[in-house]
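The chain below stands alone and is given as structure tokens, in the form predicted on its own.
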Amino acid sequence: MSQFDQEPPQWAIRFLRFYCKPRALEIIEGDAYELFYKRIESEGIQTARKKFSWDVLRFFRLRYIKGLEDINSLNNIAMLKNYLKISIRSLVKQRFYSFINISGLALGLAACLLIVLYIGHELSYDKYHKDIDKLFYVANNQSGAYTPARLGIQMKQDFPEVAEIARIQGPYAQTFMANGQAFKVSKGFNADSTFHRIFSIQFIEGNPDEALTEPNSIVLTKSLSDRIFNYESALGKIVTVNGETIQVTGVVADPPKNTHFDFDYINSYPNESWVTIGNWTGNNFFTYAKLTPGATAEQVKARIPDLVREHIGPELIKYSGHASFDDFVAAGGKKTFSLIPMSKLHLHYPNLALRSSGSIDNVYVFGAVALFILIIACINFMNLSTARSAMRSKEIGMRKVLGSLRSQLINQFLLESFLVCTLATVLALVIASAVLPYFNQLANREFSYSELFDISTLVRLFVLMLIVGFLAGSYPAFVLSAFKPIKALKGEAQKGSKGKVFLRQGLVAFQFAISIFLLVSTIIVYTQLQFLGKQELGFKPDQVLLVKNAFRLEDKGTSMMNRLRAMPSIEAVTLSNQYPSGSVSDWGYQTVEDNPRSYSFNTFFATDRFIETMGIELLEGRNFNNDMVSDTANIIVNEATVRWLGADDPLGQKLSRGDGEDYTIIGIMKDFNFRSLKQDIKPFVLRLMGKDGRMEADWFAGNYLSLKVSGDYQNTLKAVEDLWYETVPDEPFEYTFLDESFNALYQEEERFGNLFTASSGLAIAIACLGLFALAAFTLERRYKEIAVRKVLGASVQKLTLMIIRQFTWLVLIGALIALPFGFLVMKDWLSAFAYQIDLSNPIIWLIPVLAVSTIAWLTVGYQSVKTAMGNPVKALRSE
């Protein structure tokens, strides 16, 4: 048989004819057949068939595949190399403007990177919990943090939609003993044994279901366990907490940073009725609920009114004095509970989030600041790119004459933009790394370098770089590529249209507007903080030393207070359950009249020297006397309470806790601010506790020991500390001064001010970089004009003013945009304060405008003077 009677594999022939372009098929198939016949003679039919199939597969390339006619990889790669080479040459040739562009963008990207890191962290809070969409916080009414002990138990019994509940209390600071040393651990909670079914917690040691079922049990985090037991197993061991021995029943992984339930240890509850049965009269638990699959929060909310009527109604009637629950409701009484999604606690309900210090407003503010800074950096890039277009018009015209398509020119300029952004991104990472510690202070977070270089963060930065590269480079790319070749080669494109000039000036004015707005915000925030610092609080906190954990004194409290009073530098001593600037409890009271009115009064319990120690003025009546047992049934109220009562002679009137528990008003205090000045003064009640800090059932409620100090503070503090350790040697001495505690209430506002200070400084710096480069370019364009003016007699002063005037107008336009916007935004911010500064003060608005104007003058003035003082002959030599 002749070799020409043989046939290659049919699948190979069919595959070749399926994918191969028609114009190449005849050649490839013919060559393949020719080789096939030759191989039959030399290598045999089997080998020829195999090699024929291999030849068909080898030709399966992009250039031979049907439908991919336009792909020419070699040309594309060559074109890309050309784009890159031209871009690098352009950057090097105009290194001054390249430096301005890259450094400005790098600053903007670094700021955005850190802020994106912050925003991403804030938005991720509690999202790691399993079934997060089924987890809810049960709030008292709409947003009250504390709920009755009985609530969770009853919801689990009555509501089929509730799969699990957990109640917690805290955070507490307790004293641990380890290796013979006492130390405080501040993030402690009490929790039901079901806490692990609500929160996703990884147990390293112990059984989750049994960890907190018994009293005197404790679950430690791994870091605390290692600290106490020196990296040995802690399960089953005994730890001393607040002088009590407790068994470690579990060790869990440290909570992640993005949780509102941040703890070091969790105590079990005692097996007592106030926990196991609970009651409806006290609100002292945080209640969490997990719903069953398919159940919704609306279904649970619909059942709450019936629960309130059946279980809480009788208690409300007893204490409010109404005949029925319907009468209570008809009189305006309200009682309900709300379900708040756990995923919203940190940002939207910071008062419920266990001090996780989140704020959706901060996220918005940080996001807006990042956007502003990025816009300024992008404006710089766009301004300089379009301005420099004149310098490249002949290059563009020549490219078009030689056959470049507009799309190719767009690609060229976009590649230049991305190249600048890539270099700026690398520099931004370096800058962000350098300022990360300062940013952590500003944001009150602890971001690490590993988080900064985390793959997710880098992906975000890459996406941000692409967006900025496209946004910043798109306009120059489309503008430059639209030049007509003839006009470009004649140099007419260099003149620039009025529209482009207006656009550049508008962008510069917008930069000034953002800078002025940030400066206005900075000044208003700091002015408000200074205003708050100068306000009279109604008492004298500046000489009050506050010693914490005084309940540990127990029976030794009276003797220690007597020894403190004997010190000549201590004027007064008092015990109290709370202190001004700290948390304040609400206690419900009602008037004793035919139609009783109820109100939740802020209430302190203290010994009889509280008013004297705090320097509060007693307007009417008398002070408490710890030696008079009957004074436990008396109260002292502030002026706000008197106004609420509407009584002309409040002394002797009674406020009732219901069920015959009445209290007689024996004194009227002058109003004083016991909370942040964000809040107005509310009605306040002061009640008496035993002189040793005991309250009902011998409960030590004197948590804080306040000392009115005069004279030598340092020696007095040392003497108090020595006496403390002599009295309770196993309890660390913790103290603060009351004025410092009050100032700490405004830390968030100070951070807010620091944020605006840093932002405005950064925004102005970036804007100045752009302004400096734009001014240099403008003067370069007007070099001959200035020379002619100088030859004709213009002075350096006039020439300088001519240039500066042009930029001053842009500052004023920016001020017209920024000031009304700033007024509206900062007025809204001030609305959160009960005491506000007067925004009609013109200095607040003039200073930012003058500051930005001065910086602009200095930026432009230097180059203007330098140009105006130049030799005009050099500029006119070429004419």
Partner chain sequence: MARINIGEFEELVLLVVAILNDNAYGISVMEEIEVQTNRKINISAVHSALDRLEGKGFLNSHVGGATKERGGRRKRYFKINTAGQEALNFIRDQRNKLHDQIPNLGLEYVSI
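Here the structure is a predicted model, which is why all the values come from computation and not from measurement. The term rigid core refers to the most C-alpha atoms you can superpose between the two forms while keeping them within 1.5 Å. Positions refer to the first chain, counted from 1.
Although it is not shown, the form predicted in complex with its partner chain is what the next lines describe.
The closest heavy atom approach of residue 54 to its partner chain in the predicted complex falls within 4.5 Å. Contact annotation for residue 27: at least one heavy atom lies within 4.5 Å of its partner chain in the predicted complex. With a 4.5 Å cutoff on heavy atoms, residue 64 counts as touching its partner chain in the predicted complex. Contact between residue 827 and its partner chain in the predicted complex is not found at the 4.5 Å heavy atom cutoff. Only one segment in the set 842 to 850, 806 to 814, 31 to 39, 828 to 836 has residues whose heavy atoms sit within 4.5 Å of its partner chain in the predicted complex; it is 31 to 39. Shown in the overlay between this form and the one not shown, fitted on the rigid core, is a CA shift at residue 27 of 2 Å or greater. If you fit the rigid core between this form and the one not shown, you'll see the Cα of residue 866 move by less than 2 angstroms.
With a cut-off of 2 Å and the rigid core superposed, residue 811 has a Cα displacement that falls short of the cut-off between this form and the one not shown.
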